[in-house]
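Consider the single chain below, provided in structure tokens and representing the form predicted alone.
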Amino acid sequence: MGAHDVAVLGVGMHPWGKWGRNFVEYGVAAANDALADAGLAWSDIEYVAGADTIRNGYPGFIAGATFSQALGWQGNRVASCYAACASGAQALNIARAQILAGFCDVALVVGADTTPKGFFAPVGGDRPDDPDWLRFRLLGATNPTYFALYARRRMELYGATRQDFAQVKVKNARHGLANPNARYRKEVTVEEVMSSPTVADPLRLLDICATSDGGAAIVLSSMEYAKRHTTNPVRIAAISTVTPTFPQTVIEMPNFSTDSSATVAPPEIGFKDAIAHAAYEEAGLGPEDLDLAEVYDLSTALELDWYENIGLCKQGEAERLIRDGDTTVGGRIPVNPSGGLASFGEAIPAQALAQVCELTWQLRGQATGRQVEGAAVGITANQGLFGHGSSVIVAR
């Protein structure tokens, strides 16, 4: 056990879907489930960290206070943070820091979202100095367009095929069948994926994740506090929230250009590789110690990138892992046993927390129907716009 470890006392989720309700309802439901799982009352919580949503009015921008009010004002301290798709991990890190600093013993982290139909777009207004606004207005480069560019890159560099991408969806759909919180619980075949409508070539509709409503919550505590309430709790061993290092020579959303390396050499570790690397360094672990992983499969092709970014294989070898069944439950290193975003869709402030929820259930042996046998160490990998890295290592 590390000096910076904190305990996961409870986890909870509101099922993903398109419910058409206020996002606060999803967060409160997830919070109450997490409190019940921890065996604690709302009055026991000393600190609340909320992951913000930018689409749901002022309450979304002040999620910590919004959820505290909805659960019932009781004077606890709060924080709110926005880091795009990495918001949940950032909020988790804020709560961990408060605990490790000795300012509180137990904290609640909540993220929830109500999403629009279709792909995500920048919030309203003209902002010609905003790269996210520019990529939509100047290039028409929506998120699926970027996902397709990444997919094309894999095909050109490593010989990935549409069948490889489709197999990722087949795997994740099979995993999601047994997940009661998943939005899509239906098996698909490679042929069904490949014959679904083209969105941005080479990606088809079933290669790309949906936008969803949902919520997730986690109760964290110091290890000392946890010992008074449970035995052998799951613990957070590391949280990475790194940013890129100049020069960035591989394009990343929302930018549509790269830095020049004419006068400054590229970093030894690129941004996406650095995300998990920092978590491994903090935990004193490596990819060889993992039993499973939850990664950010915005598209099927992107999941293959993450295999390499988190060190499951060398560059260009991810296709072999999916072809050989290594990343399926029952394989060498299961990836996205929850079903991933393929089965859930994106509920932006909640999804990094949902990954930690899944690892917690797996390490407790509570992932019925999708259990990774003997799971003791897992990693999450996630990435938010504007250079927000996100990786959490959860261990027994």
Partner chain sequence: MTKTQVPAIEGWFTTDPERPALLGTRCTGCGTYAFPRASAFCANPACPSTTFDEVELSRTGTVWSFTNSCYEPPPPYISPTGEFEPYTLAAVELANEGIVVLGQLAGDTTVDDLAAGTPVELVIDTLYEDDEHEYLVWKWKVVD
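Numbering follows the first chain given and starts at 1. On a predicted model such as this, the values are computed, not experimentally measured, just so you know.
There is another form of this protein, the form predicted in complex with its partner chain, and it is not shown here; the text below is about that form.
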task = Name the residue from Tyr82, Phe120, Tyr225, Trp306 that puts a heavy atom within 4.5 Å of its partner chain in the predicted bound form.
result = Phe120
request  = Only one of Tyr184, Phe271, Tyr280, Phe136 comes within 4.5 Å of its partner chain in the predicted bound form by heavy atoms, so just point that one out.
outcome  = Phe136
message = Given the stretches 87-95, 247-255, 211-219, 311-319, which is the single one in contact with its partner chain in the predicted bound form, using a heavy atom cutoff of 4.5 Å?
response = 247-255
query = Does at least one non-hydrogen atom of Ala265 fall within 4.5 angstroms of its partner chain in the predicted bound form?
reply = no
message = Since only the chain is shown here, I'm wondering whether Ala141 would be in contact with its partner chain in the predicted bound form (any heavy atom pair within 4.5 Å).
response = yes
query = Heavy atom to heavy atom, is Pro180 within 4.5 Å of its partner chain in the predicted bound form?
reply = no
query = Thr189: heavy atom within 4.5 Å of its partner chain in the predicted bound form?
reply = no
request  = Determine the residues of 139-173 with a heavy atom within 4.5 Å of its partner chain in the predicted bound form and present them in sequence order; the list may be empty.
outcome  = Leu139, Gly140, Ala141, Thr142, Thr145, Tyr146, Ala148, Leu149, Tyr150, Arg152, Arg153, Glu156
